[in-house]
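Only one chain is shown below, in C-alpha cells, and it's the form predicted on its own.
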Amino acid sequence: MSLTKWNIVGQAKFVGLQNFIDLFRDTNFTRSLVNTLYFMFLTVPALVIGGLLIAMLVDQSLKGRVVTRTLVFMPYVIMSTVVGVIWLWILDARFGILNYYLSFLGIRPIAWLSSVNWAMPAVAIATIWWTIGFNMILFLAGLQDIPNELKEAARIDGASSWQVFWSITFPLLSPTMIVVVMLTLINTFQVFAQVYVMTGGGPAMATLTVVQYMYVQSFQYYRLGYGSAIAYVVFIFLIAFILLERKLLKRSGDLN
C-alpha cells in the first residue's frame, strides 16, 4: 500500500517510491519527527530514573509500601483517552487545579495546552504520571531478584548505601534497565492518544507527533498510501530499538 496512491475508493494506483520521496520533502513530517524526539527527551529520562527511584523506595521495609505501590501503578490501568480528559481538566488555563495551586506560589496562570512552549511539556507530564507505575513494577521485580545476601555481605564489609547500589544493585539490575529503557523508547515514540485528546497536535503543530501525522494523512485526508509510508518509517525506528535492545542484552549476558 505504501507504494500506491489510494484514497480508499477506487483502484489503488502504483507510484513506486514516490510516497517515500514526498515524505522526506514534507516539512510537516519533519516537524512531527522532531516533536516526537523532543517528547521522548522529556519523558524517557523521567520515566526510567523516576521508576527506578520509586521502585527502590517501595522495595524498603516501610509501613504503607503496598498502598504506595498500588497508588503509583493505578493510573496505568486507565485508558489513554481518559488520561487525556483528566489532564485537560487539571491543566485548564482558567479553572485547572494546577494553576490554582501554583497561584499560592505567586505564579501567574499558565496556558499549558495553548502555548507553543508549554504544550509538549504538559503532555509529557501527563504521560509520566500515567506510565511511571509500569516502569516501577518492572524495576521492583528486578530488585527483588537480587539476593539480599550480597547486599548484607557488602554492608558488613563497611560499604555505604551508595557503594552497595553502584557495585551490586546497579550491575545486577542492568538487564532490567535495558528492557525498561527500550520499552519506554518504543512506547513514547508511538505517542498518540493523549496528544490527540489534549492538544490535537496544536498549537501551531507544536505537539504533532509521527503517529498522529500518520493518522491525519490516512484517516482525515484519506491518503492511505502516504500514511502507510509514514507507518514504515515508524516501523524502522521500532525495529532499530528492538535490535539495539537485543545487542545490549547479549552483551550483558542475559540473552542467548
Partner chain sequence: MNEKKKKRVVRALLYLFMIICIIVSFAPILWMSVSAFKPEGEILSYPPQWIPLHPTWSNFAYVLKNFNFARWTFNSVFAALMATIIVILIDSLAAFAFSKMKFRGSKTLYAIILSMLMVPIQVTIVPLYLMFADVNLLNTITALILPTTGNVTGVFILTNFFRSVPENLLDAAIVDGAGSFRIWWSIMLPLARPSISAVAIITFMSNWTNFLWPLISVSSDASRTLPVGIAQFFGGQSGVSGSAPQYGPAMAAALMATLPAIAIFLFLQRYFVKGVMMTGIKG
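None of these values were measured; they are calculated from a predicted model. Positions refer to the first chain, counted from 1.
Heads up, the form predicted in complex with the partner chain isn't pictured, but that's what we're talking about next.
Undergrad: Have a look at 82, 110, 153, 172 for me and say which one sits with a heavy atom within 4.5 Å of the partner chain in the model of the complex.
TA: When the partner chain is considered in the model of the complex, the option within 4.5 Å is 82.
Undergrad: Are any of the heavy atoms in residue 17 no more than 4.5 Å from a heavy atom of the partner chain in the model of the complex?
TA: Looking in the model of the complex, residue contacts with the partner chain do not include residue 17, since no heavy atom lies within 4.5 Å.
Undergrad: Going by a heavy atom distance of 4.5 Å, is residue 78 a contact of the partner chain in the model of the complex?
TA: Heavy-atom contact with the partner chain at 4.5 Å: present for residue 78.
Undergrad: Taking 4.5 angstroms as the cut-off for heavy atoms, does residue 190 touch the partner chain in the model of the complex?
TA: Judged by the heavy-atom cut-off of 4.5 Å, residue 190 is in contact with the partner chain in the model of the complex.
Undergrad: Quick one: does residue 57 come within 4.5 Å of the partner chain in the model of the complex, counting heavy atoms only?
TA: So residue 57 counts as contacting the partner chain.
Undergrad: Can all three of 21, 124 and 177 be found with a heavy atom no more than 4.5 Å from the partner chain in the model of the complex?
TA: No, the candidate spot makes no contact with the partner chain.
Undergrad: Who in 70-96 is close to the partner chain in the model of the complex, meaning a heavy atom within 4.5 Å?
TA: Result: 70, 71, 72, 73, 74, 75, 77, 78, 79, 80, 81, 82, 85, 86, 87, 88, 89, 90, 92, 94, 95, 96.
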